[in-house]
Each structure stands twice: as structure tokens, then as C-alpha cells.
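Have a look below at one chain only, the form predicted on its own, in C-alpha cells format.
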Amino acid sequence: MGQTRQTARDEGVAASSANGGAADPFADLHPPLTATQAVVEADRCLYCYEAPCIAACPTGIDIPTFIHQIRTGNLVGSAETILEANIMGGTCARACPTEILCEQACVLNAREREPVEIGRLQRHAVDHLLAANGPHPFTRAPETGKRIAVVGAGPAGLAFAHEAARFGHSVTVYDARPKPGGLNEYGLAAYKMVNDFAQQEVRFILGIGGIELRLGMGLGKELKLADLRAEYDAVFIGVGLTEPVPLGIPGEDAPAVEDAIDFIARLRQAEPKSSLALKGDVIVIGGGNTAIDAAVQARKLGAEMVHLVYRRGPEHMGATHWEQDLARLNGVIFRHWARPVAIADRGDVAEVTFERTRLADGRLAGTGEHFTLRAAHVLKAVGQRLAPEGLEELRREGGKLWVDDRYRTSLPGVYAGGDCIARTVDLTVQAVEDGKQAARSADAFLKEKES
């Protein structure tokens, strides 16, 4: 074993890169473990006392326990251990950056061995429970008569709704999109969320009962925060960051230019996906995981050359090193220390002019040296920000919603969590934890009002 051991996850990536991604551009990036593979991998866990992997998980999953349950053949119990802490354990097993969280904390790293593949073991257990389609593993407390509105059917909102329903409250979840799931449905690359898993997980979450979905209703449009506060006993805001950050340069509205998040959403909703293809070259501007998702997906769809251009160095990128390696294995060309300054429409292609950059006294500065790239598609992936509609009454901090340590906003009875709040990192697993903890805070608030 030791350092020469190649994980099954890396083997899957290598296979994808070996056939250029052309065989199936939407194939599962990390094929699930077989029963035998899962037991063998579970046997590698040392079941540490005060395990560092638990502390590294934002939702605090009891990782040694669920792995031990897999080893002993108790897959349902393992899944329940996971879902007790993280009701979206299925998505997080697929999309969570385990390489910088639980797996990085695995003590086997200190022994110069590969860490236990915690993410794939988590998927093995949760997928087994969901496939069995049995009764929901959690039950609701007796009805409290309290009604809570949730705005946003993404990870934070759904996690809040499930936890609040467990407490016996009646929850109505609103979302502006035609489908629930948030970024799990619209923002993750198709090769990470195959077989309509996002909707399967939503159906599972709703299976606890006491949760109603109302779609096509957006805050600031069909919904007003003042009306929700008047109608419901509490309100949770989990709207995420839905407004793409512009480049702020001439020509970014050229026909060949698209926001990367819209590109991914369009691919995720396309039917049939087998008809999709890209021709010509692609330029992706940005350095986060969305940029990587867009670049890799473009390569898998047949783009001839994909250039990912980032204004700083690789060590500054928001994307993890594993995600960066994934892009390289799929033939993505990285160009660091360059920022776009103008885009010109040249008919069938766009011509992007970049200025080379450097750090001067710790700040990014242009060098005055320029180069140009041409591509049939230019994808902007420089981040998203909070859309202001309907949130004018709430206090902001750093462009996001302010909350205290109990997820309370500046308005009584209004809570918030996920990517839209200032005190969190933009990770699905953190959004789930935000929703769970905010629901507990709201439940305490409602009980205090009763006493």
C-alpha cells in the first residue's frame, strides 16, 4: 500500500483523462465503491479516539463510527449516523472537498499513507439507504402549531426545513427556480451529480413530512419579507449568491460570452444531454471550483482547447489542488498571472485581451504586457454575489447578510444561513450545517415565545 497506492477516485479521473472525456461527458467522476471495496477501505480506518476527521467536518459527522458500521455490514445504521449530522450526506459525499477537510485530517497522512476515502465510504452508505426506499429514518415530533417560511430551496434551506420539521413545526419552502436543490441542482458539474441525484435527495428530505414546496416564487418579486414575517412565526433566508460578478471590462456582453454558472445550469437542465457538444476553443476566466467545473465539463463536451486564465498564481486559486489536477488531467491549459482587460466580438469567435499581472507590495498590479486569445466560447467564473432584491431591511456585512452566533439576522424572528451570510465559507457542507444550527436556534426562539 503506502505511497504507491492509487485511490479508486484517482483511477476514475485517470480513466476519464485517458479517453479524453469523449466516451461519456456526463459519466460519474467517482464511480461508487463495490461492497467488497467498501469493506476493504473501511478496514483501513484506525478508529481514532478524538478523531481529527470529525473536527475537520463542518457538520461533525461521527466518521469512525459510520466507517465501523460499514465494516460490520450495518449499512443502514452507517447511513443514519451520517444523516443525523448531515441530512445531505449524499451530495456532500460527491461534491465536498474532502481532500482539504476530513481526509486531510486523517492520521494516516502522518504515516505517509493515503488517507481513508471517507467521502466514497459516506456515499456507499447513504446511497444504500436511499436506494432501499424504505421509511424515512427520522420521525417528527408532535405538531407544534408553529409555521416557518424558508426562502431558498438549496442546501441551507433544505437542511433548515428538515431539522425544523423534525421539531414538529410546519415548514413552507419557497424558491424562485422551477426545481428545488439550489446549487446541487443547478451549480455543480453534471459529472459530479449523475442520475438526477439532487432531486432524489430532495425527495428523501421531504419524506419526513411537514414540508411544503412552493416553486417559481422569488424574494423581492412574488414574495415580500414583510408579508412572510406577518404570516409565519419565523423566517429563514437561504438564498445563496445568485448574481454573477461582472468582469467590468468592455465587450463582456459579446454573444460568445456567458457566465460559467449559467453554462453549468444549462447543461444540467438539458434533455437529452447526449445531444450536447462544444466545438472550437473555450476560455474560462476565474480560479474557483466553478471555473474548474466549467473548464472540465467543456473539455468533456468536445472543446478542442480550454484555457483557464487566472489573475494570480496557482497557490492563490480558490479551487483545491485536487480540482486543479483534475483539470490538468482533462487537458485544461492553465494561464496564471493574467487578467482580462477587453473582449472583442469577431463574428464566430471572441477575442480576449489579457494583461499580465504581478504582486507589487502585496497588491495585484498590471505589468503593461498584453496577449490575446481567441475562442468560440468565453465563460466568466469570477464569483457570485448576493442579489439585493427583497433584503433591503436586513443588515449587511461585507456584501452579505449579517447574522450573530445563533444565525439571527437584524430582524427578530428572521434567520439566515448558507452562502448568503457573512460568517461562513462557501461550501455545501457548511451551508447544511448553517441550516441545521439555524433551525435549532429558531426552535429555541419559538419555545421562548411560548413560555
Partner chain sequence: MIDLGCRIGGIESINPYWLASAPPTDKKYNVERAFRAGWGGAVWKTLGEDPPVVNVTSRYGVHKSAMGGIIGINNNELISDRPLEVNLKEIEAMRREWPDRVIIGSMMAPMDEQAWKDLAIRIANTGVQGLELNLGCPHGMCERGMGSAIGQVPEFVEKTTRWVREAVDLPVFTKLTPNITDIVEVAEAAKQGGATAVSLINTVNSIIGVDLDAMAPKPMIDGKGTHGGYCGEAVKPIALHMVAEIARAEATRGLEISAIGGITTWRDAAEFIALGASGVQVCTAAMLYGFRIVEDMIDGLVHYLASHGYRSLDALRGRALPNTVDWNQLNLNYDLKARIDEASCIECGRCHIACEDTSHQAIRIEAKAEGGRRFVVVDEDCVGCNLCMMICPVPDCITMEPVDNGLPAITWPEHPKNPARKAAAE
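Fair warning: this is a prediction, and the values are worked out from it, not measured in the lab. Positions refer to the first chain, counted from 1.
A second form of this protein, the form predicted in complex with the partner chain, is not displayed here; the remarks below concern that form.
- Of the stretches 408 to 416, 378 to 386, 394 to 402, 42 to 50, only 42 to 50 has residues with a heavy atom within 4.5 Å of the partner chain in the model of the complex.
- In the model of the complex, the partner chain stays beyond 4.5 Å of every heavy atom belonging to Ala365.
- The partner chain in the model of the complex comes within 4.5 Å of no heavy atom belonging to Lys146.
- Although the partner is absent here, Arg71 lies within 4.5 Å of the partner chain in the model of the complex, judged by heavy atoms.
- When the partner chain is considered in the model of the complex, Arg203 lies well away from it, no heavy atom lying within 4.5 Å.
- Among Val107, Met217, Ala265, Val341, the residue placing a heavy atom within 4.5 Å of the partner chain in the model of the complex is Val107.
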